[in-house]
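Take a look at this single chain in structure tokens; it is the form predicted alone.
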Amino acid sequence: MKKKGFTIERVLTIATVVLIFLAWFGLTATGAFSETIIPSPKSVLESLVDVSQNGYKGHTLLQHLGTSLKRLIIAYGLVIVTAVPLGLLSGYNSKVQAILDPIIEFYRPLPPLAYYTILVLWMGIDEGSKLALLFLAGFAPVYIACVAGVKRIKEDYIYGAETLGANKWQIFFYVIIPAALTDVFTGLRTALGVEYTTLVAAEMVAATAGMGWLVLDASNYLRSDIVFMGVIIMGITGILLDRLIQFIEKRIVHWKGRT
């Protein structure tokens, strides 16, 4: 069992973050770089307070962040309700896999922004094209993880269920799904990171609000303090979202790591 409290790993993590912050503070305190290149922690903090209170280009910081998270959550939800069942079915049924694999394998290696231009031509620069882009970016890693999770299941489990009289659907729901859940959540964590990265890139290309747009617009005016603020907020938000997925995984796949 893991011991609660401060472990050496946790201490090392905290020490790393503190050292990075001290290095940043020390580097800017020397005056070797201008504020335009590397803003000081004080400037970034002041920008955070200012944008939080007064907003940026007509939107508050929470509105920019909320716009990005809304896009992410909607697309992520669509990925969960489609990629998970289709991936599990493809791993369990070779005919379903034969239909879906060519499509997934064709677009999966493509950079999301490469086909974003097509989506914009078809759907315009409104929310539809962004949601479609995020959906496609997140679908592939979840689908592949689900297929791999099913393929990794020991055949003895399936034979044992068949021996006890279970039909194919009972095997799918009571054997396949529980056994593949660890891989499913691995795919969900991967997809979340891919979608978040793609979201920021999409907002930089065509948007009027959102964290990606805020960072790009601030960079056009050499507002490095706002750029750093936006990047830090996006990084922290990404960490929190990943921790949320891990928390849910621990509650659902409570047997993970146990013998």
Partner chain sequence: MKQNFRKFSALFLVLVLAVLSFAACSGGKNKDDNSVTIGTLDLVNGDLIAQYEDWYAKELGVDVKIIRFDSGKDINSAIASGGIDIGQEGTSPAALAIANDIDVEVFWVADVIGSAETLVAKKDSGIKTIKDLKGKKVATPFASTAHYSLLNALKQNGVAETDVELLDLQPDDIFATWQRNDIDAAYVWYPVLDNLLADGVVVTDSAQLAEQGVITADVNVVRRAYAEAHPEVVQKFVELQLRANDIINKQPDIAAQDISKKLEIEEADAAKQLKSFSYLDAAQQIEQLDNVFAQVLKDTADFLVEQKSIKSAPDLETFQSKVTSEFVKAASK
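Quick caveat, the model's predicted, so the values are computed rather than measured. Numbering follows the first chain given and starts at 1.
Beyond what is shown, the protein has a form predicted together with the partner chain; the following relates to that form.
For the partner chain in the predicted bound form, the listed stretch (121 to 129, 73 to 81, 142 to 150, 87 to 95) containing residues with heavy atoms inside 4.5 Å is 121 to 129. The contact with the partner chain in the predicted bound form, taken as any heavy atom within 4.5 Å, belongs to M204 out of V194, I233, M204, L69. Put simply, Q246 is far from the partner chain in the predicted bound form: not one heavy atom of it is within 4.5 Å.
For the chain shown alone, W213 is a contact residue for the partner chain in the predicted bound form, at least one non-hydrogen atom being within 4.5 angstroms. When contacts are judged by a 4.5 Å heavy atom cut-off, L240 does not count as touching the partner chain in the predicted bound form. At a distance threshold of 4.5 angstroms between non-hydrogen atoms, T60 is out of contact with the partner chain in the predicted bound form. If you take 19 to 40 and check each residue for a heavy atom within 4.5 Å of the partner chain in the predicted bound form, you get L19, L27, F33, T36, I37, in sequence order.
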